[in-house]
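Okay, so we've got a single protein chain in two different forms coming up as structure tokens, structure 1 first and structure 2 after it.
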Structure 1
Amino acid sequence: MDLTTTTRARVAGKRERTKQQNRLLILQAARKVFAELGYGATTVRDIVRATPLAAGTFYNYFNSKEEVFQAMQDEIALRIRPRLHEERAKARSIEEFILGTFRTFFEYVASDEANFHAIRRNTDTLRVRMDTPEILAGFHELRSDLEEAIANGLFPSLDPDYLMAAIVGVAFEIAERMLRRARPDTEDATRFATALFMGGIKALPTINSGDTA
């Protein structure tokens, strides 16, 4: 059917396909090994051994286990970021903005719990949080969205940097506690976090007058 390939080569060159497959193999192996041994105790060799590939091949794809970890994190960040942004873009009130952000986040976390736990597990310390560039970009986006909402008059003129920090802190910390509960309830977590900020925003000092609104 095609001038340059037999019928078995479907869509892309074989080179390209094995490249994608190898990358995937490594990521899947890493997810498994991280979950088993914990991130800290895992070595590049452990990941390679959980793979049919040779040690040298690993380094054609990643330079370290940290890079593998980041790739996993970034994958998550890229999946959730557009949803969060969209949710906030269509918000017509403070409540829609805040509630949409928290609900989307908590629902994602709950749906991807396995991934989250695998990623959090670590040998020597009980908990680890790493912010990759992609995740930091998500924080910046939240701040930009807040700045825009302030410019639009949707939000009072609060400190967008601290507000962003507070939202991020509450989101991650409550997500953690939520997952630890017997039956994680995303609506409960959403209600709590949203109410906190709905009430808080009213009381927060605006930037022009240093007093409560």
Structure 2
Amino acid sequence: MDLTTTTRARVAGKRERTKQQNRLLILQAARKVFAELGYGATTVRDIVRATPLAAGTFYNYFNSKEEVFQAMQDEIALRIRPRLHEERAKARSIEEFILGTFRTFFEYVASDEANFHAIRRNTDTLRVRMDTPEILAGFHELRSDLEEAIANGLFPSLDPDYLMAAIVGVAFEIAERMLRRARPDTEDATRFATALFMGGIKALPTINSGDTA
């Protein structure tokens, strides 16, 4: 490798690090502003003001606050999905599957409270933006894990779509209320959510394999 090639590689590497740093600054600022003002009241200008960057720099990375919000959700999903899948894969009973899923999620939320609050600050927005690529991939992964657990006899023959939706809904709602308490207790939240599901699963009728698509 000649000197010119080495120099170009060094410059390219520095440019890439700068891009990553700027994107991170924007996301960090957005988390803070969304949590403080709420999604609806936040503007791109508010986000830019919370960074040391020029206004024009923002648009090198995102076209709108909606794209920033989506990136925040995808970033969370990318971090937590491998942990959730690992817990579910090693489960040897329904209770281990459910308990591992809730505990992993609640512990993650407690460790990244600011990020979770930024996402949950506006409930209507959250429901609209649950269609981000990584969030959807996480839902599909949960459904796939449930289908595999049912096929292996770990779960009774239940509707995997309903199970997925119920797990997601309970996880987010209990996590939000857990964080409102003076001392968030992840184990208490895990026990409650797990007991709720274990009791509910026992009461549900099974379905025929052809009842779901």
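Numbers follow structure 1, counted from its first residue as 1. Note that the coordinates shown come from a computational prediction; the quantities given were computed from them, not determined experimentally. Take the two forms, superpose them, and find the largest set of C-alpha atoms that agree within 1.5 Å; that set is the rigid core.
The form predicted together with the DNA appears here as structure 1. In this comparison between structure 1 and structure 2, the rigid parts meet at a hinge, and the single option from A171, P156, L37, E75 located at it is E75.
Relative to the larger rigid part, the smaller one turns by 11 degrees between structure 1 and structure 2, according to C-alpha superpositions.
Overlaying the rigid core between structure 1 and structure 2 leaves the Cα of P52 displaced by 4.5 angstrom.
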